[in-house]
Every structure is written in C-alpha cells, then in structure tokens.
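Shown next as structure tokens: one chain only, the form predicted on its own.
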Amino acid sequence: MTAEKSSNTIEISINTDVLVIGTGAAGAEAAEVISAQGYKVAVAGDGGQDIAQSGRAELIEGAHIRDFAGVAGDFRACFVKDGQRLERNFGAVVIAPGRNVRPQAEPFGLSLGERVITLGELEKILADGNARSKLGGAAVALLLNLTWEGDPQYTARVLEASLAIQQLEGATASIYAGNVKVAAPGLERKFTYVREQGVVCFKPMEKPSIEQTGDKIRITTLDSILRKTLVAEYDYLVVEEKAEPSDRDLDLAYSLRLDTDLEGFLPSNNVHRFPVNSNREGIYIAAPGLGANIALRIKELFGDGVKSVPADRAVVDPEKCTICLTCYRCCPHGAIFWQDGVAAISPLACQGCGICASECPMDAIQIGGFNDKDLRRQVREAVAATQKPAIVAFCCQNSALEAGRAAAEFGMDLPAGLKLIKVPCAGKVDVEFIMQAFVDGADGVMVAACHEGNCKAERGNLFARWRVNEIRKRLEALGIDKQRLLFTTFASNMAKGFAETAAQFAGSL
C-alpha cells in the first residue's frame, strides 16, 4: 500500500482483491456479488465445488488461516493447506460465520427420538419425498427461542418448515415462541403470511411444561395473549437447536482482532456494526441475503483502487513514541501497526476516535481537528465565557453533542453557564483536560458519551467512564467534592434528557 501526501489528504493505493472465508450459502452469495463488480475474489474453506465450477471466484479448498496481519487495503493472510504454507494479500475480508448446534430437548426433560426431533431432522424429512409422507395428517409443534435468544436465520427456518407442514394434507403446525427475531429483509412479512396460512403461534408467558405419553406430546402453557392456561397434544415436537460459535470463528475473532457478542458470535451487538460491518474497516460479516450490502461496502472502500483520506486523521510523533504498545492494545479498530521502529496508524483503517491519543503516556499521537493544543484553548475559553455555575461539557460528536445542540435549538431550559466542547468520541477526553477545567475555574465538568453498545469506537465510552472514576478518586483525595464531575450517556435524539440532566447537575453545584 503506497501513499502520496498533499497538504490536506493522502491518496492511498489499495489492493482490491477480496478474501471470503466460508463456502456456505452466505459465502457463495458474497463471492458472486463482489466478483460481479469486477473485483478478484478468493474463497477459502472446505467444499465449495459449486463456487469453483461457476468461475466467479478462486477456490482455495481446504485452506485454513494460520496467521493474519495488516489493515484495510493491505491485509496479509497466511494459510496452511496440505501441510504447506501459503501467503496472500487482500484489500478486504468477508467472513461467512459457521456455527455448531446443540439440541435443546434436555431443558424440557425430554430425549430425542422418533417423536421428539430437531429442526434439522425435520428439514431432512420435508426434503425427502418418501419420509415426508409420515407427516401427513400429523399435528406438529415447533419451539422457537424459548431456551436461547435466536436470530433471524433460525426464525426463517422455523417459518419455512411450519409452512411446509401446514401445506401437507391434514397436517397442522403450531409455533411456541419467545422473542421472535424478524430483523431480516422480508421476514416480518413472512411471519404474517405463515399465520395467515393457518399456522398457530403461541407466546408463552413462562417456560411451557412438556411431557411425552406414548405417541403423543402434551404441551401446557400460559399464553400471554389469551392470559389463560392452554393444553394441546401433538404427534411430533420439534425442539430448538441452540447455535454456538464455531471453533473456526472463535479463532478468527482472535487472529483478526474482531469483537464478538457475549456468546462469541460475530459481529458484536453494537448498533453501528449492523448489518455487515465489524469493528475493523475492511472486514465484513456475511449472512444470507446480505451479499449486496457487503458488495456496496466494499465498493465504497475500494472505489477504483485509490482512496483519498485526511492526512492528519491520526499522526504519530516518532520522537516521542517509545513503542510501549499502549496504542496498539487499546485501538478498537485494529488500525495501528509498526513501521520503521515506531507506531504507525493506517489513515484508511483509523476512525479518528482518539482513544489511542488519550491513552498514550507520551502524548505522541494527535488527532486531526482535535489536537491537544486546540482542546486546551477551548477549555480555557469555555470557563472564561460562562456564567455561574460554569459547566464544561465534553460531548461525543456522535451522540451527546447532537442531543445538546438539539436541546438548544428547541429552546429547552439549559443552564446559562453550560458550554459544550466537541470531541470525536468520549474516549478522547484526557484526564488532563478534565483537571485543567477545574484548575481554570469550572464549577462542574460533564463527560457525555454514547450508551454502552452504541459507541462507534466500541469501547470509547468505557475508557471515558474509567477515567472519570479515577479522577473522582483524585478529587476526593484533594478535598474536592467528587460530585462536581459527572459521567453520563445519551443517544443523539435525547434532547430532553440532555436538558434535564444538565439542569439537575447545575442545581447540585
């Protein structure tokens, strides 16, 4: 990856090859739509002969990633295939997650058998013309999201299977569902259609009681809609298959420095990651039906192979850098690497959150538009220009700043002494800036971040909370009321909440 500097931007030449990891339906779809845009695609994984035969992508069959390095536009993947090492470079990576499944019969005190089956087994029966006939005239109950928080893919499978049963002569299907996950294109409409076709859907208020007596399955449940106990008998019970992250995906998350959700699935539950983004620029998570979305993101990243980015998004002073690895460890976007003996920050992968700059013990990193000198000046001016009580509010530009500005525009009652200071992320609020505000005469300081799980920098709000907690201890040790420092969170549409919080804080000073 090469770059040419100008006064304002850097022109970066990008490798436009794409690696797709996973040969299943989601991986094949992603490979097809990306290659249709003219980009070269390689697919790594087991199987996938249909991909090779189509000619739309190169198949690296049986290859498994051993090492991974680099940043968006210049990733380096090391594969092991047939005991030999193979190294390739790519500009972007698409992961089609796999999963392990565990039947959920035990939570109901049941055992799998002829009458108690999994969804996977049901799908095989429905696909087999001979086996399918045994469901004719049968009453079938399907469990959905009663033992785990499922996902739209699983919901779609249950809906398809229930509809197929309902269309068999004399057969009926019933769904017992917890939280129905329909956050996928057309899935809510599908759910409505299935019910219109006669599939009965129950929403238990608590875990159903299920017992097997001979060839019958009896389900007793307290229905949340009818508010009464219902008892029904079925010929077959389809238990859930709880999905668990595959070992491959857990290894990839570690190797590629990707955030997962609490159960280990890719991506994390951050709202800014949906539907296909990961915490790292240039790495995307595939799911069936989202290939076009991935292709769009890659087109935005690659363009014609040259990308113009701000020259000062994040700048390292080589004279100050001591290679302590702090920035590398705390960067939520995997944008930092080593070059010529010092830290280097990819201007393409960097999101400009400023966490690295605030955590650097040597102040060796500066963020474009938010350098330390300008922020110190803004703090001094904010304190000097305000009425009493003087409140300096460091506001994340993605959330609290918008909420505060909206409150002002709508004429809400904000403290006269409140001054907003824009920061790229609450994670950029240094200990130094907060302490300087108090030294310069601020009566109170607010650090306003995004809600947890809503931070574009993934953990910027957590870094900010940690620093505030630490400073509150210092203030207390100095004999200063720690209540003068407030950490709070907002969404960008919380104008009223911002005004109320600011007023309450001012009243406490």
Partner chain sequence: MIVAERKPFEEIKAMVSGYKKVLTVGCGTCVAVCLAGGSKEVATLNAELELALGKDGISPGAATVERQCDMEFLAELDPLAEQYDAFISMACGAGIQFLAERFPDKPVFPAVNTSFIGVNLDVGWYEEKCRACGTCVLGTTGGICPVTMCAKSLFNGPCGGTNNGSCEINTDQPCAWYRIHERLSAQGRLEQIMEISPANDWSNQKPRKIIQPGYEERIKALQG
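Positions refer to the first chain, counted from 1. Predicted model, so just to flag it, every value in this text is computed and none were measured.
Separately, the form predicted in complex with the partner chain exists; it is not shown, and the next lines address it.
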- Segment assignment from 86 to 94, 144 to 152, 295 to 303, 429 to 437: heavy atom within 4.5 Å of the partner chain in the model of the complex: 429 to 437
- Do Glu359 and the partner chain share at least one heavy atom pair within 4.5 Å in the model of the complex? yes
- Query: So, in the model of the complex, is Thr326 in contact with the partner chain at a 4.5 angstroms heavy atom limit?
  - Reply: yes
- Using the partner position in the model of the complex, report whether Thr322 sits within 4.5 Å of the partner chain, counting heavy atoms only. yes
- Contact flag, Glu409 vs the partner chain in the model of the complex, heavy atom cut 4.5 Å: no
- Answer with one of Ile65, Leu475, Ala42, Ala52: the residue that has a non-hydrogen atom within 4.5 Å of the partner chain in the model of the complex. Leu475
- Query: From the list Glu188, Asp215, Asp374, Asp363, which entry has a heavy atom within 4.5 Å of the partner chain in the model of the complex?
  - Reply: Asp363
